[in-house]
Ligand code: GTQ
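Shown below, as structure tokens, is a lone chain in the form predicted on its own; questions about how it binds or moves come after it.
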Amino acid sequence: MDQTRVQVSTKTPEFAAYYSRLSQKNVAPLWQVLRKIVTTEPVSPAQPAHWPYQDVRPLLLEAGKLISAEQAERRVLVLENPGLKNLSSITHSLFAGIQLVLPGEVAPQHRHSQAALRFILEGKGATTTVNGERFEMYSGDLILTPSWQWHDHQNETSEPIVWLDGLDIALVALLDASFMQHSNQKEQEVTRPKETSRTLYGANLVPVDDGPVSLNSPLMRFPYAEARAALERLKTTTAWDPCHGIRMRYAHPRTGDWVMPTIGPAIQLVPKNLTTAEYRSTDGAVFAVAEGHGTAKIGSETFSLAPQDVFVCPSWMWRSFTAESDFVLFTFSDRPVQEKLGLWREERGVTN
């Protein structure tokens, strides 16, 4: 049977008149747009992009002279994908920005339906308070701020604290589910003893009678020292993945699932002199260099990377890494959402 698609010209006065009548009734012909909206593989306007920390840091410190953390509410430079101009997005679903809190400052408390994570790029000992518990922050730590939890930031140290923010802003906006609330108190009351969540959930133990399980991890600070030690042990005791080296995700201590339902953070070690095989997946991913030097090839772009740099790999774009030294990368994406919806897919290149 001949399956050849019959081509019909729609550029006729008859079709033009018909389309005009459709438009008046707020309906439209699918056949005009079908191949644009249901594509044979992912098509994203997002582009590979790289933000060297040596370029961003002076601009961030300049912002610190122009506006206070309290005046700005959040003194953040948005990492805007060049393919998504003026959308405050780094991928189609995610926001990323770099935030500064100077010594003596407080970023006042608020809460919002958007979930957030913070990967600390610089500083030691400043704090963030989430849902009544105060956490100290050190370079390489991951801090979670689940949806609708009060949070504020304090810097009582003598040096700036800088971190990478990741939020699901675009995803929440797509669902028309954005809410935000401010408080008449700059800082929330600390109601939980220091290290409460870590004591309860940080030793591969959980309380026997712990109540309902939340989609959000009850453990909200993941120290870099522990993650780095685990990667180092795995480097010498396990086979390296050809596409990732050693890649681990941060896990919900009660379920083993991702730590939040909309944002999935992970960390990987590409051992010195390893060039990974090409890899692509449907989740556009944001990366920050935690340690070491190397290069990332993303599509046709190649980025030379140093500690604290941030870069993005759009959905379904081939990527590979070459490590000049042991190369540690923090990453986050919307993979948890895609997995729950049965949409996530990956493809691995041929190993040399």
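All residue numbers are counted from 1 along the displayed sequence. Please read these numbers as outputs of a predicted model, since none were measured by experiment.
The discussion below concerns the form predicted together with ligand GTQ, not included here.
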If the criterion is a non-hydrogen atom within 4.5 angstroms, does every one of V76, F95 and L167 touch ligand GTQ in the predicted complex?
yes
Do H112 and ligand GTQ come within 4.5 Å of each other in the predicted complex, heavy atoms counted?
yes
With the partner left out of view, is R118 within 4.5 angstroms of ligand GTQ in the predicted complex by any non-hydrogen atom?
yes
Does any heavy atom of S217 come within 4.5 Å of a heavy atom of ligand GTQ in the predicted complex?
no
Counting only non-hydrogen atoms and a 4.5 angstroms cut-off, does R280 reach ligand GTQ in the predicted complex?
no
Heavy atoms within 4.5 Å of ligand GTQ in the predicted complex: which stretch among 237 to 245, 208 to 216, 262 to 270, 147 to 155?
147 to 155
Pick from Q99, T127, Q188, T275: which residue has any heavy atom within 4.5 angstroms of ligand GTQ in the predicted complex?
Q99
